[in-house]
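Let's start with one chain on its own, the form predicted alone, as structure tokens.
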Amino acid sequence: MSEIAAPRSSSRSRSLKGGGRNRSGQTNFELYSWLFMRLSGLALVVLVLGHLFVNLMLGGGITALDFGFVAGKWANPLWQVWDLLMLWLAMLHGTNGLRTIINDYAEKDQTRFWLKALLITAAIVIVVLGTLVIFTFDPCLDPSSTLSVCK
């Protein structure tokens, strides 16, 4: 029976001593990254379930989700912040998970560098565009109507 090779592992010490640094002087970034994944995962469960409950149960079901529903919801700053937190946490959580996979399985340093550069660039673009949509959303620009809704 053949064994599956373990992913590339770090030779750095994992000691927690030294004020957040291990013996070789490196920071405990991976420890904080691991902790972030657990905490952001819990926060995302609450945010996503709350989002689904409000949109599907209180909002009249899937048939009620349209431009007007989103416009009404995003008129309230609470829902703007809620959706913004969901976007940022989901992107950071997913990016951090993919970063870990790249670190574990990309064997060449140059490959690892370019994969992480592409990942971070994509994450930044999506977070910036999503944030712009949430905060610059104008309900008066209904794309399905030739008439302005706010006149």
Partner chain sequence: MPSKPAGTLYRGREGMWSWVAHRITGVGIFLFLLVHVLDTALVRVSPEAYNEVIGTYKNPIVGLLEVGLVAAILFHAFNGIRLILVDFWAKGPRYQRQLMIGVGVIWVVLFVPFVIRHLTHVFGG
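Residue numbers count along the first chain shown, from 1. From a predicted model like this one, the values you see are computed outputs, not experimental measurements.
FYI, the form predicted in complex with the partner chain isn't displayed, but the following is about it.
Triple contact flag Phe29, Ala106 and Ala117 to the partner chain in the predicted bound form, non-hydrogen atom at 4.5 angstroms: Not one of the three qualifies.
I'd like to check something about Ser33: if you look in the predicted bound form, is any of its heavy atoms closer than or equal to 4.5 Å to a heavy atom of the partner chain? Heavy-atom contact with the partner chain at 4.5 Å: absent for Ser33.
Would Trp74 count as a contact of the partner chain in the predicted bound form, using a 4.5 angstroms cut-off between non-hydrogen atoms? Judged by the heavy-atom cut-off of 4.5 Å, Trp74 is in contact with the partner chain in the predicted bound form.
How about Thr63 - does it come within 4.5 Å of the partner chain in the predicted bound form, if we only consider non-hydrogen atoms? Contact check for Thr63: yes, within 4.5 Å of the partner chain in the predicted bound form.
Does Arg112 make contact with the partner chain in the predicted bound form, using a 4.5 Å heavy atom cut-off? No, Arg112 stays farther than 4.5 Å from the partner chain in the predicted bound form.
Scan 70-91 and write down, in order along the chain, each residue with a heavy atom lying within 4.5 Å of the partner chain in the predicted bound form. Contacts from 70-91: Val70, Trp74, Leu87, Ala90, Met91.
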